[in-house]
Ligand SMILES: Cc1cc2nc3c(=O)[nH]c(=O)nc-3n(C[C@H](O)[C@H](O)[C@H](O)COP(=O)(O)OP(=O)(O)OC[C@H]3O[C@@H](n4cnc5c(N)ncnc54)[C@H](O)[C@@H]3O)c2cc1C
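Have a look below at one chain only, the form predicted on its own, in structure tokens format.
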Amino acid sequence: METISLSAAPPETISPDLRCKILIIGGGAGGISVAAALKRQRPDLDIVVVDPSERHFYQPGWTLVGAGVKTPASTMRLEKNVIPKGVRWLQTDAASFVPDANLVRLGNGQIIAYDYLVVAPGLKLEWDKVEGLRETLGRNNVCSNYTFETASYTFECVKAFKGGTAVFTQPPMPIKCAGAPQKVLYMTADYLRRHKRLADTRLEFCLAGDVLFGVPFFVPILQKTMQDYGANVNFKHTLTAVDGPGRKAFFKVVDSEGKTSEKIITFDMLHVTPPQGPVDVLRVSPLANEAGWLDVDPQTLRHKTYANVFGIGDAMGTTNAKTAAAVRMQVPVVVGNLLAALDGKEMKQVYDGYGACPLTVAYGKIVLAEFLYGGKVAPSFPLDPRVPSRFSWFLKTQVMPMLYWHQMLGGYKFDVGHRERTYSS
């Protein structure tokens, strides 16, 4: 396939093969929800969704798959079955962006012109940044909840674990759902405790950062949970390589003076959260900021340079948590502001940075962390969110999957009214 970027040609010389009013790059949670909401409000809109995948995943469910609570099949639908009625789906990917000409070159070689563009390709799991990981993932007791194919192997490893050292990693930020790497530790530890094996287990949580969670309000309860399970928390430990057959994990460690060294931990089970970054086609495009993420205004979610480009989801260079809950609250902002722009009106929708992370501290117990830009605590219910709750477990395991498949992807808006609250320490 020809690989020369369209940006090498003068825009006026490029002839598109297809045209549409609104082009959406990405058919995940953000892309499908925006397409559905737009169609619900303006049925006659000409919308095209570009996504190569045959399957659509409810990724928040993979933590529960890794804990044996859900099946992989419950987290998957065929992509063709979630494409909104009346929306054209092109089963390919984006190869390059030419926003100065309102064009995108597709992976199948076609060039598509748009009036408005919504960029929602998600992010990239960078497995190859950890030497040896791809070769051993899914065997040798090396597991990860971060793909549909491997999440169930996590529970196989937990069930078979008879004692020894279990290691759980977290790479440098940003990543999807910053609490997910420790959720798997908590669920594993609770399972082992219930089966009388925790006393024979050494738990190691190795994270690249220097804080357990990015919102300080929730750190004390998470520290207590780590202590209750007897887990060792190792800050500034970045996984660099894995020797699966030899059961060795290699870490780059940064000390208090900034000096680096290598540390090797021998494991009996290793759960890896892979490094993550912007997708390549976005990273090298004019739409990206210096770090490679989509350069949008954090409130309007419109691109800072190109007024007819909007973003949603994990691809954006905003400081909110990269979670499905964040996408849920971004949808009405993108849709409202895009339609306002389409009508030549003022954009009035504002995204407050809402994100949520159901921190599963045990089977049946969740600390439901909800927060805004700046780490402001903003729960949806008048309860102390630091207290592990069975109600939040019910929301996580039963309510949210149903709402995702039948409400969010259907273009419906739902919000029970989160707001900023203060609590005594």
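Predicted model only: the values in this text are computed from it and were never measured. Numbering starts at 1 and follows the sequence shown.
The protein also exists as the form predicted in complex with the ligand; that form is not presented, and the subsequent description refers to it.
Out of the listed residues H303, H237, K183, R247, K183 is the one that sits within 4.5 Å of the ligand in the predicted complex by at least one heavy atom. The ligand in the predicted complex is approached by W62, whose closest heavy atom lies within 4.5 angstroms of it. At least one heavy atom of T323 is located within 4.5 Å of the ligand in the predicted complex.
In the predicted complex, Y351 stays away from the ligand, with no heavy atom inside 4.5 Å. Although the partner is absent here, A29 is a contact residue: one of its heavy atoms lies within 4.5 angstroms of the ligand in the predicted complex. Only one of 207-215, 339-347, 228-236, 173-181 lies within 4.5 Å of the ligand in the predicted complex by heavy atoms, and it is 173-181.
Residues from 296-314 that approach the ligand in the predicted complex with a non-hydrogen atom closer than or equal to 4.5 Å are I312, G313, D314, in the order they occur in the chain.
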